[in-house]
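Only one chain is given next, in structure tokens, and it is the form predicted on its own.
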Amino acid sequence: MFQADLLGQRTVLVTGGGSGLGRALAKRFLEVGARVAICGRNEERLAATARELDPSGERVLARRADVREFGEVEALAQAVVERFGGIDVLVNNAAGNFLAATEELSPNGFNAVVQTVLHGTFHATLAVGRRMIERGRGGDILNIVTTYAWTGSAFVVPSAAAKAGVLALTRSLAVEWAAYGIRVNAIAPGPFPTEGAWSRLMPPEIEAEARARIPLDRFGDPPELANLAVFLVSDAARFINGECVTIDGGEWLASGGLFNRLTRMPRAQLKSMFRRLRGR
């Protein structure tokens, strides 16, 4: 199904591509023939990832960019165009999240997540989308959301609000930009263990229960998500537009909001766990 030249001659930009699911996505796009650009805020990590993915440096561009800053995203998009001639696929993967009791959440904490997830997705979509329109060859935009984008979830209010906005953005632009040959879709992953985010969102106290809530009785494997992403931006999916595809082993259907179960823990214990996860 996934031939080595499936995305040959296409350029894919993955935000948050230096680690975790973003890295897995970038790796898979390379394996099916694409040229890949990755961005993030950690320049050292980006450079290391680029070397690992493509030691020759011919098919990978790594550039530091904070998606919260539109000027930096504009410069990133221009750099990719200058290097590879254009951008055919944008994957809005950059995100931020942490567990917190909402009454203890600061406006800065709320803004940090919303600006990365919602504003960052819009910034990248606008910068790349304008270039796709000007180029006149269409393109694909794929947004990584979450299953609680439509259910909501306790203790991740900023993320839930921001991801809901990204889902609305996906469906809105799928209609508006179809006239330019641009498809806009989304993927809603369930739990996928990766370095970094997993330790902040899945403390040992709840990991066994989290797995038990998944009908398939396991967590996701990043290559499974990457394969879905490749399919959605390939020619095999040309008539899929404005869709959000869930990949969670049936979790949300079985259990609703991802972190709602935490309401059953004593609140003082819960807040102590949140502070420990944040290193405080």
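Remember, predicted model here, so these are calculated numbers, not experimental data. The first residue of the sequence shown is number 1, and the count goes up from there.
If you look for the form predicted together with hexanoyl-coenzyme A (HXC), you will not find it shown, but the lines that follow are about it.
> Which pick from A95, V80, L142, L173 sits with a heavy atom within 4.5 Å of hexanoyl-coenzyme A (HXC) in the predicted complex?
Exactly one residue meets the criterion: A95.
> Sort through I182, V166, L99, I87 and report the residue having a heavy atom within 4.5 Å of hexanoyl-coenzyme A (HXC) in the predicted complex.
Residue within 4.5 Å of the partner: L99.
> Using a 4.5 Å heavy atom cut-off, state whether G190 contacts hexanoyl-coenzyme A (HXC) in the predicted complex.
G190 belongs to the contact set for hexanoyl-coenzyme A (HXC).
> Does hexanoyl-coenzyme A (HXC) come within 4.5 Å of any heavy atom of H119 in the predicted complex?
Taking the distances in the predicted complex, the answer for H119 is no, it never comes within 4.5 Å of hexanoyl-coenzyme A (HXC).
> Any chance I133 has a heavy atom within 4.5 Å of hexanoyl-coenzyme A (HXC) in the predicted complex?
No, I133 sits far enough from hexanoyl-coenzyme A (HXC) in the predicted complex that none of its heavy atoms falls within 4.5 Å.
> Could you confirm whether R59 comes within 4.5 Å of hexanoyl-coenzyme A (HXC) in the predicted complex, counting heavy atoms only?
It does not: once hexanoyl-coenzyme A (HXC) is placed as it appears in the predicted complex, R59 has no heavy atom within 4.5 Å of it.
> Counting any heavy atom within 4.5 Å as contact, can you tell me which stretch out of 101 to 109, 174 to 182, 121 to 129, 70 to 78 lines hexanoyl-coenzyme A (HXC) in the predicted complex?
Going through the listed ranges, the match is 101 to 109.
> With the distance limit set at 4.5 angstroms and only heavy atoms considered, check whether A154, K271 and M273 all reach hexanoyl-coenzyme A (HXC) in the predicted complex.
Not one of the three qualifies.
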